[in-house]
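Okay, so here's just one chain, in C-alpha cells, the form predicted alone.
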Amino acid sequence: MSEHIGLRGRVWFEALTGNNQPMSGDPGTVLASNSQIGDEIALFLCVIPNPSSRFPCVRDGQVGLEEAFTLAHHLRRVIAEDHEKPRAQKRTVIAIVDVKSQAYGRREETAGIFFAAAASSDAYASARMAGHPVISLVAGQAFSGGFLTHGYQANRILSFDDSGIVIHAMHKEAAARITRRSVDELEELGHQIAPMSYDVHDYARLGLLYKLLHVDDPQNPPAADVEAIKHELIGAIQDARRGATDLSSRLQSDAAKQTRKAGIAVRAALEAQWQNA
C-alpha cells in the first residue's frame, strides 16, 4: 500500500489552482478553489490527509464524514448559484482524486458514513445531470468508497499513466484475504480478468476512462507538464459540454464494446424487459 496517498492530490491541486489551503470553515482535509481553467472559472475539489484530524481514519487519506459533507456543500452551492444559467455557462467541477478509501471507522459507521458518502456522490451526480461538466483527474489512488464519494460520478475521468495509479474496489491485501488467494495469485488473476487487475491500462480497457495522460514526475511536475494537463482538462470540459449528462459514454466507447460485451448485452436485455413489462 502506498505511503504517499494524498501527496499527489495536494501537489496537483496547488499546481492547477495556485492554492494549497482549505477555505475558511472547511476541514483541513478538503481543498476547494474557484480557479481559472482556460477562459472560465471552475470549482476544483480535492481530499487530502490531515494527520491532526479528530477522526483517525481520515488522517491517512480516507474520505470520512466531514470530507463527504463538505464536498456535497460546495457542489450544492455551485448548482444553486448556476441554477438559472444555460448549460453552456454552468460552472465546471474538477475533482482531483488521490484517496485511499471511504472511512470505515467505528465512529464513522455509528454517525452514518453511508449517508455522508451518498450525499457527496448524489451532489456530484446532480451537478452532472444539471449540465455542469464534471471532470475527474486521478492523480494517485482511487479506491473503493473513496472514489465513489469523490470523483466517480464525473462525465469524463482522466488518469495519469504510471505505476503509482491504482483504480480499484479494494486494496490487494484485503482482496487476497477475501478471495483466499495470495497477493501474487491475485495479481496473476488480474492478468486474465481485467476488472480484477490493478494495472491502470486494464482499467482503461473497461471503457471508463476518457484518457490516460503521461507526466514525467507526477509528484514534482514541471510547468510544461502542468500546462499540458490543463490543456487536456479543457479538452475534456469541451467534450463533456457536447455530450450527454448521463454516463452512457462509458458503455459506448470502443474499449467498453470490446471488453464488456456480456455486461452491455445484459443491460440491453433488462432494458427491453422493462420497456415491455
Partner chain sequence: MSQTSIIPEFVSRKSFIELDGRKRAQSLFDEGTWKELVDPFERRESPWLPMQGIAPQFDDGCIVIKGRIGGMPAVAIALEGAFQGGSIGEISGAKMAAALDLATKDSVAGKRTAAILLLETGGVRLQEANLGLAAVAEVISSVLALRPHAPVITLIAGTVGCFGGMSLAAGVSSYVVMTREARLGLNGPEVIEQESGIDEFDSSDRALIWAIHGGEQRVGMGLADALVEDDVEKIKATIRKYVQADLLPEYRSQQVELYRDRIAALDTSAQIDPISLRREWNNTTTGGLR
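All of these numbers come straight from a predicted model, not from anything done at the bench. Positions refer to the first chain, counted from 1.
Although it is not shown, the form predicted together with the partner chain is what the next lines describe.
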request  = Decide whether residue 179 counts as a contact residue for the partner chain in the predicted complex under a heavy atom distance cut-off of 4.5 Å.
outcome  = yes
query = Any of the heavy atoms of residue 122 lying within 4.5 Å of the partner chain in the predicted complex?
reply = yes
inquiry  = Taking the partner chain as it sits in the predicted complex, is residue 152 near enough to touch it, meaning that at least one heavy atom pair lies within 4.5 angstroms?
reply    = yes
query = Is residue 225 one of the residues lying within 4.5 Å of the partner chain in the predicted complex, judged by heavy atom distances?
reply = no
message = Using a 4.5 Å heavy atom cut-off, which residue among 229, 237, 57, 32 comes into contact with the partner chain in the predicted complex?
response = 57
ask   = Which pick from 42, 45, 48, 65 sits with a heavy atom within 4.5 Å of the partner chain in the predicted complex?
value = 65
ask   = Quick one: in the predicted complex, does every one of 69, 128 and 208 get a heavy atom within 4.5 Å of the partner chain?
value = yes
query = Of these, 212-220, 229-237, 246-254, 34-42, which stretch puts a heavy atom within 4.5 angstroms of the partner chain in the predicted complex?
reply = 246-254
inquiry  = Within 4.5 Å of the partner chain in the predicted complex, counting any non-hydrogen atom, which residues from 94-108 show up?
reply    = 102, 103, 104, 105, 106, 107
